[in-house]
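One chain follows as structure tokens, the form predicted on its own.
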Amino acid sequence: MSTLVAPTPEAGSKPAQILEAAGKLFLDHGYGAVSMDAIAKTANVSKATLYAHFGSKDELFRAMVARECKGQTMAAVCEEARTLEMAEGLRLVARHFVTLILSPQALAGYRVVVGEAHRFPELASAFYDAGPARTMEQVTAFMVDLDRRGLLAIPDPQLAAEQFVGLIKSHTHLRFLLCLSERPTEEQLTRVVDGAVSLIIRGYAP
């Protein structure tokens, strides 16, 4: 199984400039439409410098995906949610998750990876493991905690986590992902979040 490792170049360094330029170009135009020439020009570096730090466009694409996944963690939010009243904790997790998946950066990254999944199946798998799968592990652990404390009766925490995340994404994420609707208003997001929380609490009531 391939593992994505996010590079951590020093701010202002050539590798940092290259990663910033490549990330913007890949997210704006997709993998196929971006050339190493364009990346070098946008980063304001020579092609020799570019290849000295990143041996290929594939390597740069992997680095960009790894960097995007690195910032998409739910661990701190789920930990904070454990300190709150159950419904408020679930709302916090749901609100953070929906804000994350509807962010322009996350949507752009998702579109690029899905678009290239047939060409880079290992990259798609690594992306899933580093991003969505990790999120599910963290939400599952939160469900385990709710069950352990007797607040909910959850026989299958992983299934409950998947149901919760599915309820939060609803059809809102797909419509926005396909550019079929504007970003949901705060009122619409609150309706989705509250509905998901209510169904989970009622469905898994002790």
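Sequential numbering from 1, following the sequence displayed. For clarity, a rigid core is taken as the largest C-alpha set superposing within 1.5 Å between two forms. Source: prediction; values computed, not measured.
FYI, the form predicted together with another copy of the chain isn't displayed, but the following is about it.
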{"item": "Heavy atom contact within 4.5 Å of another copy of the chain in the model of the complex, the stretch among 52 to 60, 155 to 163, 142 to 150, 37 to 45", "value": "155 to 163"}
{"item": "All of 113, 170 and 205 within 4.5 Å of another copy of the chain in the model of the complex, heavy atom check", "value": "yes"}
{"item": "Another copy of the chain contact at residue 117 in the model of the complex, heavy atom, 4.5 Å", "value": "yes"}
{"item": "Touches another copy of the chain in the model of the complex: residue 184 (any heavy atom, 4.5 Å)", "value": "no"}
{"item": "Touches another copy of the chain in the model of the complex: residue 103 (any heavy atom, 4.5 Å)", "value": "no"}
{"item": "Contact test in the model of the complex: residue 21 vs another copy of the chain, heavy atoms, 4.5 Å", "value": "no"}
{"item": "Sequence-ordered list of residues in 122 to 144 near another copy of the chain in the model of the complex, where near means a heavy atom within 4.5 Å", "value": "124, 125, 127, 128, 132, 136"}
{"item": "Residue 186 C-alpha relocation of at least 2 Å between this form and the one not shown, rigid core basis", "value": "no"}
